[in-house]
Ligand SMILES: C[S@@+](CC[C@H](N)C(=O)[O-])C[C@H]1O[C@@H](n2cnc3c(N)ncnc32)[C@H](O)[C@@H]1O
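The chain below stands alone and is given in structure tokens; this is the form predicted on its own.
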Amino acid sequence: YPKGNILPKGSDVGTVEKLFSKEQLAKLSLLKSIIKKEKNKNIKESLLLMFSGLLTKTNLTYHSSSVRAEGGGDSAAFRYYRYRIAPRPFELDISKYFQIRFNKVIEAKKEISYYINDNTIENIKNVKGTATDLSWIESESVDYIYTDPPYGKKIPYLDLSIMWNAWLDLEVTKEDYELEAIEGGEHYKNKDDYNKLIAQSIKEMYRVLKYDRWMSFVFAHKDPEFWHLIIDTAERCGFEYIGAVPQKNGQTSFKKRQHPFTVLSGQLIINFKKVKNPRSILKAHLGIDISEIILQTIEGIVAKNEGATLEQINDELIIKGLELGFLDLLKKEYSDITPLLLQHFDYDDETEIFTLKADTKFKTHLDERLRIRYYLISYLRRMEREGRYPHFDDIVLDILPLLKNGMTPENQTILGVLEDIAEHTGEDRWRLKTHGQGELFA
């Protein structure tokens, strides 16, 4: 078993072997020695895959769950993002659980054998490397990119992988740490380090992607600066922003329950397209101060849903910032919107929803036509990027719920603003004016 491998600061013990009881060390060591004797490489590595999953549960940091089946729970590395010894360490039947893992891997291999077999294995390339250097991929050779990069300083991945690396004899080099895109960690990486790595990765992804193909960028962060970095770098490379959609997690994580105002549940998928003549996101000239824009957006989503979660509010702000081009202002003024939310709204710990404070009215007192203009431009720009030109009824159906934080306007008022900024195309369909957009976007 591994000896003397030092754990990250903040761990409850100093070295990897202290994460295990003597009985666990003996059983795991015996099992590993048997696996290592296997001469068939494929079988040996498959068994080590099962062994890796066994490590997750067979250690003193494993926090079992009273409401889940035997073996259900979380390793502290996944729950607390540090090596925290469980108050009541759980002793798992290693031979029984290894058999369960064995059966699952065998079933998975059978399921995938149609696609991955002796005839197709040569078509697969599994590379350990960095997205900052994709030199092994030819330029303009990739049909689609779906990437889910690290989210800043949320998780120090390499620091937390030390237990598995030590048992599986996996080397982590100085270069690996240098190329890890995180903030903080044992190597004290800063925001500039993170930004440079993400920016270089986007440049490489642009190079290898074919023209008229898409890149989907999955991301989650409360600080608008990171979103601005992604958009700005992508546009500088030549990508065209197409749109963004929220992607929700199936259940609330333990970390989210611990820190409801600092941890986001779910992500946004930002879609870009590589085209010959990309259009940049133009800044909408709304005639509204950034603080009014922020509060108007928050109040709009709260009014629409009769209450909103931190994730819904954050997603709405980021998407509106993307559609209307005010992310740069957002990152300068509001790196964290939590103080603003707690000042103007009530928060329910049980439902995790922000609502209007009792016996108060919405704070924003914007001119009705300005409010309508704000949501119309946002909606029509999104439709244009999706190649759709909506009917007037569709427009009203989309923006009216967002205008509930104040006097609900008449359809005729909405039509009047629409005629100022948009033009007919086809039968009762609308698009932003192609002439005079300088008046809309400054």
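Quantities reported herein were computed from a predicted structural model and do not represent experimental measurements. Sequential numbering from 1, following the sequence displayed.
There is another form of this protein, the form predicted in complex with the named molecule, and it is not shown here; the text below is about that form.
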Exercise. Going by heavy atoms within 4.5 Å, which of 348 to 356, 128 to 136, 300 to 308, 162 to 170 lines up against the named molecule in the model of the complex?
Worked result: 128 to 136
Exercise. I270 near the named molecule in the model of the complex, any heavy atom under 4.5 Å?
Worked result: no
Problem set entry | Touches the named molecule in the model of the complex: D148 (any heavy atom, 4.5 Å) | yes
Problem set entry | Partner proximity in the model of the complex: D315 to the named molecule, non-hydrogen atom cutoff 4.5 Å | no
Exercise. Would W214 count as a contact of the named molecule in the model of the complex, using a 4.5 angstroms cut-off between non-hydrogen atoms?
Worked result: no
Exercise. Considering the named molecule in the model of the complex, which of F90, F98, Y157, Y80 comes within 4.5 Å of it through any heavy atom?
Worked result: Y157
For this session: Check each of L327, A181, I294, L209 and return the one that places a heavy atom within 4.5 angstroms of the named molecule in the model of the complex.
Result: A181
Exercise. Across 374 to 393, which residues bring a heavy atom to within 4.5 Å of the named molecule in the model of the complex?
Worked result: none
